[in-house]
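Provided below as structure tokens are two forms of one protein chain, presented individually as structure 1 and structure 2.
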Structure 1
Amino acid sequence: MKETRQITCIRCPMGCLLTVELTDGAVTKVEGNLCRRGEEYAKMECVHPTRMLTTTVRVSNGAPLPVRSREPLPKDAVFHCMEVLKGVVVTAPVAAGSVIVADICGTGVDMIASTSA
């Protein structure tokens, strides 16, 4: 089955409008990219989209703690991860880079503290 999608590349400030052709779920052609990163982005976005997750968790004895995923998460897992993080409460002190939730939602990605608290 052949499919055509149009997406905007977010890998650089150019914001190229990409036309991506897929055949049986595999990227077969990418047009509109002004750099190599656009082709790489199109292949990833159409086959296995991922996103970085940044948010905050509660601190029992202080202000909310900014946290982020150590690496991009599968896009379809982001909302489930947010639900899990709503229930997380940590106790200060917490060092920047500390693992707050290991392997969140079975994704293999750790949520880490962005700053110290």
Structure 2
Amino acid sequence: MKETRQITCIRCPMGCLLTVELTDGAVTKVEGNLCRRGEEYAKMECVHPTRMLTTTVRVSNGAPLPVRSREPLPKDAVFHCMEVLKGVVVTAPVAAGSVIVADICGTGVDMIASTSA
């Protein structure tokens, strides 16, 4: 099955409007990009879009703790991960970089502390 999608390349400030043709979920044509990076971006963004997730979790004895995903996780898991993180409460001291939720929502990605608390 063929479909076309329009996305904005975010690899540089040009922000080229890309027209991406997908055949059975695979990228078969990219138009509108001024350079190769646009094509790479289109492939990633249309086949397996990922996002860095950053937020805070509650600390029972202090101010909120900033946390982040160790690496980008699947975009469509973002709200599910937020739900899980809303229920998380940690107790200080917490070292920077320590795992707050391992393998969050089965994404294979850990949520880690951005700083110490």
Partner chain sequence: MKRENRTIHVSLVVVGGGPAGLAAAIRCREQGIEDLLILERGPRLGGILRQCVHSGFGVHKFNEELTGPEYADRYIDRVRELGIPYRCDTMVTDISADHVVTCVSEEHGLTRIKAGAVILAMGCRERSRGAVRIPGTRPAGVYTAGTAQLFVNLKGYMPGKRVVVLGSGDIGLIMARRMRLEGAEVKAVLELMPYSGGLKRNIVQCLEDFDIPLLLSHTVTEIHGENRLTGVTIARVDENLRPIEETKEFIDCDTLLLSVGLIPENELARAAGVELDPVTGGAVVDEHRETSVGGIFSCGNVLHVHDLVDYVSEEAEIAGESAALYLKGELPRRQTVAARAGNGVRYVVPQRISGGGEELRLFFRPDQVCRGAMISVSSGGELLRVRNRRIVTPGEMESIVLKEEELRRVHGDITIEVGLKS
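For numbering, take structure 1's sequence and count from 1. Model, not experiment: these values are computed from the prediction. Just so we're on the same page, rigid core means the largest C-alpha set that superposes within 1.5 Å between forms.
Undergrad: Between structure 1 and structure 2, which should be identified as the form predicted alone?
TA: That would be structure 1.
Undergrad: Does residue 99 shift between structure 1 and structure 2 by 2 angstroms or more at the C-alpha, the core having been superposed?
TA: It does not, since the residue 99 C-alpha is displaced less than 2 Å between structure 1 and structure 2 after the core fit.
Undergrad: Report, to one decimal in Å, how far the Cα of residue 13 moves between structure 1 and structure 2 once the rigid core is superposed.
TA: Once the two forms are fitted on their core, the shift reads 2.8 Å.
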